[in-house]
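One chain is shown next in structure tokens, namely the form predicted alone.
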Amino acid sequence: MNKITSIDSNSILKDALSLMNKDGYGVCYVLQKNKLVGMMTDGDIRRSLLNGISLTDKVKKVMNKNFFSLPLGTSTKKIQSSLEKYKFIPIINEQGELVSTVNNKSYHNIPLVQPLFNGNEKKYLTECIETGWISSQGSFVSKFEKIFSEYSSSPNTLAVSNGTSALHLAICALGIGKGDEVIIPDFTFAAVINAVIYSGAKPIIIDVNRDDMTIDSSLIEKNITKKTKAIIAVHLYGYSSDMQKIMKIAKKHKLYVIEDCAEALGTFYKGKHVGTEGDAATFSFFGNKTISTGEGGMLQFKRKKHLNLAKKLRDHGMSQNKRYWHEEIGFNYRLTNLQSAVGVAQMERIDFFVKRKREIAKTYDSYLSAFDKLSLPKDGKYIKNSYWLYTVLLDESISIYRDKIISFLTKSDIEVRPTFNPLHKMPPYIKYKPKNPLSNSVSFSKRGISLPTSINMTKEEIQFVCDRLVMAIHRCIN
């Protein structure tokens, strides 16, 4: 939003013209008792002079009373669509007072995550279109699986329609279903619990660690029963779960482990990419992920037999050797050749993307590390964080202001988002709430704010986000 050039309605046109010349935009907003009553451009003044108006006449004789404005708090999408029609738009509060302005030359917001498609995406998409291979058949599907497999060091890789379908397929391919139990963290995106429920199994919700928001491995064994079949370890916001402890428990009790890596592409645990420890691993390529295909996902298995079953289930349960012969009740979870083409181009730059994410995090650290009211994300002893989102935690003493702080940042055209709600508190999952408290999950849900981490963020934009964040906190507590 821009500096406001305004003038009182009883001022003269000469003064208004002088202000416009200094402003550089050639527009002036007219106020009466602090309320916006009109606006005009230098062109309006020139035309009025040709019609006999004098520079010593008052502004209110020339101002345009039929102006377009938007209320404070208008969404970025609405502002952007309005700027397609209007060059200058005043932003007013409920009292009709002018609080800010936007124009189509300088307006831009800071998105949470914006995909970057300046590699070979257009070239590969054009190849798909020109050859006619646009659906789930085509060379880019296998190319995407291969390049992803090489990066993650997992040989059994399968491209799927999205991260949720990857989770569902993983559960089904491991033979988990009705009568089984799957241990999951309370603090995560709902796709995790949904996928368990889709399969007919029962989700067993446990709390997360106080230090890193990932599943609390010390609680896993306490929740294992004869029905327990698997553990889903979610690597959250780019940070890895403690896979060494989780795998030790799983081995002892002969349980499957599924790693949800939707938010952790580029994250390494003990020098190995996440997703290689468990029996299965899932990834997401939604529009806000580190690489994006719009929608899309990847599934990996430790064992070839699970990959083969998942491949069959992904393709309607159809035999790999006989067309239209269905051996299982399957799904349509296939990724298109078009999406895979974008995925290949994105993976060609994955090292750059992850490097930039870590550079952005380091820049945030430099501005926010001295502020004692915030806990910042970090690397772990064995963990190289990919910082999908830079998620800060407010001190408990100011957590009641979290939503107000988010509102302030949003009104500053900074897209941020709160951390996840605890699964056990939401209507569809209340019946799965355990007897034991889930205090860490509840705390994180009230204190967390995810800040923008677009690959092409500038240092100045990061500084602006930090300045506004600190300003919002000070306004709330003072």
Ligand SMILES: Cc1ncc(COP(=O)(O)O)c(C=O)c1O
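Since the structure is predicted, the reported quantities are computational estimates derived from the model, not experimental observations. Numbers for residues come from their place in the sequence shown, where the first is 1.
Beyond what is shown, the protein has a form predicted in complex with the ligand; the following relates to that form.
Between the ligand and the residues A191, I246, L174, I405, the one pair within 4.5 Å by heavy atoms in the predicted bound form involves A191. With the partner omitted here, the residue from T336, N162, T157, N109 that has a non-hydrogen atom within 4.5 angstroms of the ligand in the predicted bound form is N162. By the criterion of a heavy atom within 4.5 Å, K289 is counted among the residues contacting the ligand in the predicted bound form. Interface membership of A310, defined by any non-hydrogen atom within 4.5 Å of the ligand in the predicted bound form, is ruled out. Of the heavy atoms in G278, none are within 4.5 Å of the ligand in the predicted bound form. Heavy atoms of G343 never reach within 4.5 Å of the ligand in the predicted bound form, leaving it off the interface. Although the ligand is omitted here, in the predicted bound form all of L167, V234 and E263 have a heavy atom within 4.5 Å of it. Contact with the ligand, judged by heavy atoms within 4.5 Å in the predicted bound form, is confined among 375 to 383, 279 to 287, 223 to 231, 315 to 323 to 279 to 287.
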